[in-house]
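First, one chain by itself in structure tokens, the form predicted alone.
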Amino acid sequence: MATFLLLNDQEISAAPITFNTALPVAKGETVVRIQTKLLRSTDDPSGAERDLTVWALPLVGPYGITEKLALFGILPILDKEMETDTVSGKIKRGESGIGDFTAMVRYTFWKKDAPGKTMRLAPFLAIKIPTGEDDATDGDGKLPQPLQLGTGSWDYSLGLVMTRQTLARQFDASISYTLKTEANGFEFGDEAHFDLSYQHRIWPRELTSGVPGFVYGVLETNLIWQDNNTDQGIEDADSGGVSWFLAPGIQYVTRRTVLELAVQIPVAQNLNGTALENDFISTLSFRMNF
């Protein structure tokens, strides 16, 4: 029966695309998630016509230690490039390579299972380890810190995620706070995230045997607050602020794999000073469990 997508720790299920879920990773099982992210930012209030393109390939590997405890490792491969107008003409700066590694632990401390549905709450802790290069240079000198592949800092995140799943739909909510630390005289602003995701099965509408997979429509929203960056102890007035995104998406879910796509579209961006605004962030993702 098609109910393999629910309450079976050995199988893949629908899940949020832009953030984490509270659904379990089976003991001794590994879920490999490969994402391709594209961020475009061209709305520049400074007049410098800054044009930022970031490609990211986060490699995500959850592993189930017990029924309730899971470890996650996230290693991004990055390509950052910014074009800027100067008095000497347009210049292009950027760097490619491995970014900072993040280790995360998630523990499901409460769950309620019933026929055809489940609800779970899981806090998580994450540490970002400075594995990416943070002092790259080019012909114009050291790259600005936002264009570096790594931050050079150890950063710490704490959060809580809730998941409610039935045979036809799933709802996820997550809240988290990230404490950034200083490195090389520079400190990115702390961040707070509030995320929601709703996934609804749109095909097949009726559960029948012999169906190879399921199509889910997805709608997510992300509210992000970032504090000002600090450079050499001086607060950068052109950084930080609040952004709100809506992310429509689609998922194709089989017994062992998921193919998914979502595009985060800014609804409102109340950024400080001349901070560069996002045009969109797209995510194409593939998941498989072993």
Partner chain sequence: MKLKYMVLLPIMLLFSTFAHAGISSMSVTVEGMACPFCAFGVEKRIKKVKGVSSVDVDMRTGKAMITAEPDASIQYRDVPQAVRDAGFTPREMHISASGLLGKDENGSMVLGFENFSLSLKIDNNELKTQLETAMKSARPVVLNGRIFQNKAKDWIFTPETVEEPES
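These numbers were taken from a predicted model, which means no experiment stands behind them. Residue numbers count along the first chain shown, from 1.
The following text describes the form predicted together with the partner chain, which does not appear among the structures shown.
Checked against the partner chain in the model of the complex, the residues 180, 106, 120, 80 give one hit for a heavy atom within 4.5 Å, which is 120.
Checked against the partner chain in the model of the complex, the candidates 35, 221, 254, 41 yield a single residue with a heavy atom inside 4.5 Å, and that residue is 254. With the partner chain omitted here, the record of contacts in the model of the complex names 161-169 of 71-79, 186-194, 84-92, 161-169, defined by a heavy atom within 4.5 Å. The partner chain in the model of the complex comes within 4.5 Å of a heavy atom belonging to residue 30. Using a 4.5 angstroms threshold between heavy atoms, residue 258 counts as touching the partner chain in the model of the complex.
In the model of the complex, the partner chain sits within 4.5 Å of a heavy atom of residue 288. Using a 4.5 angstroms threshold between heavy atoms, residue 208 counts as touching the partner chain in the model of the complex. Scanning 109-123 for heavy atoms within 4.5 Å of the partner chain in the model of the complex gives 111, 113, 114, 115, 116, 117, 118, 120 in sequence order.
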